[in-house]
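Okay, so here's just one chain, in structure tokens, the form predicted alone.
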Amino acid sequence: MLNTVYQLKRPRQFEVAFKEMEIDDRQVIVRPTRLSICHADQRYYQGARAEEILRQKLPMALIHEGIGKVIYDPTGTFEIGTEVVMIPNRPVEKDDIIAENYLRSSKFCASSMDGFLQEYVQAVPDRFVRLPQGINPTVAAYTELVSVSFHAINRFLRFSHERRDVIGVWGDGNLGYITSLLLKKMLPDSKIYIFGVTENKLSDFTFADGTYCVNEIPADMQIDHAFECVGGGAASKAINQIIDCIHPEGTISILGVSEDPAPINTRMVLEKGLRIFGSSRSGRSDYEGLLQLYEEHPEVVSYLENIMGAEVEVRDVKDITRAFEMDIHKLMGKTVMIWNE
């Protein structure tokens, strides 16, 4: 079976490749229907990764956030036509201690293998999760991003002490919005404060207990724990602000991605006895838990509709390029490509 794969050949240039797909009785085939563009995709598209990384990984199909419909399933796991969320993590082994998304042997779509920007996606059945009925399909397209926050919060619940009266979230972008929204639903008795740089963005956090500009944090601000959702060149400033505001023995969850090392005030980390942990990606159990949360709290999906950005119908390389260029110039929100047959 011939599969059409839309690969990024070099920054800002997609090309069509035709690859033979071997059909066997262990793997499901899904046709992508909605694909969400991530910052990681943009770093490849804009050539913002190191030259050595680009040479190593390109050409490669981008996109690791998306949903699709089952068109072939010899295992009997799904009925034909079932809408599923596609899981980009591809583990090749199981470990009793290390989660699938941290195993160094695991592959990841649009990083160490072709992503979802192709006519058909093939994988074993547990790399797809049935999408509950009634979920907005555009919101469902960026389930992977939401699952990363869900994963980090569950790890936080394992690592942090139980005094969680006030939790701060640094970052007023999509990741900060998602993380703070889930925190409010998963820890309803905690006060959730948001710290950002743009007043217009902060005004969207209507569910939060308070919002603050990072340049105007009250001198007496104290929090029990914090989530860093900034990344990039501002990560260091955000983490150090957290260290200043956090109570002793608090826990800091690092979620923002930075290309360069971020210097932090280790003296105060030691003096306050802080615990800092990082989280990246997610696994099947996170998708299952998140979709259950969607069903139990449909208002979460409604809030997530607030970060829907442009919806772009795509049929060819020209349309895909247009979607990526539109995404570059957005102020906030997720750009989703509607994949037409």
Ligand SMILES: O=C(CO)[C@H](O)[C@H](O)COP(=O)(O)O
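The first residue of the shown sequence is 1; numbering continues from there. Note that this is a predicted model, so its numbers are computed, not measured.
Heads up, the form predicted together with the ligand isn't pictured, but that's what we're talking about next.
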Exercise for the section: Answer for residue 148 alone: is it within 4.5 Å of the ligand in the predicted bound form, judged on heavy atom distances? Expected result: yes
Exercise for the section: Spell out, yes or no, whether the shortest heavy atom distance between residue 284 and the ligand in the predicted bound form is within 4.5 Å. Expected result: no
Exercise for the section: Please run the contact check for residue 44 against the ligand in the predicted bound form: heavy atoms, 4.5 angstroms, yes or no? Expected result: yes
Exercise for the section: Check whether residue 98 has any heavy atom within 4.5 Å of a heavy atom of the ligand in the predicted bound form, and answer yes or no. Expected result: no
Handout entry: Output flag, 83, 140 and 292 jointly within 4.5 Å of the ligand in the predicted bound form, heavy atom basis
Key = no
Completion exercise
None of 69, 272, 297, 57 but one has a heavy atom within 4.5 Å of the ligand in the predicted bound form; the exception is 57
Fill in the blank from the handout: Answer key: of 257, 157, 221, 113, within 4.5 Å of the ligand in the predicted bound form (heavy atoms) is 257
Fill in the blank from the handout: For the ligand in the predicted bound form, the stretch among 263 to 271, 124 to 132, 104 to 112, 181 to 189 with residues bearing a heavy atom within 4.5 Å is 104 to 112
Fill in the blank from the handout: Contact check, 79 to 107 vs the ligand in the predicted bound form, heavy atom within 4.5 Å, ordered by sequence, gives none
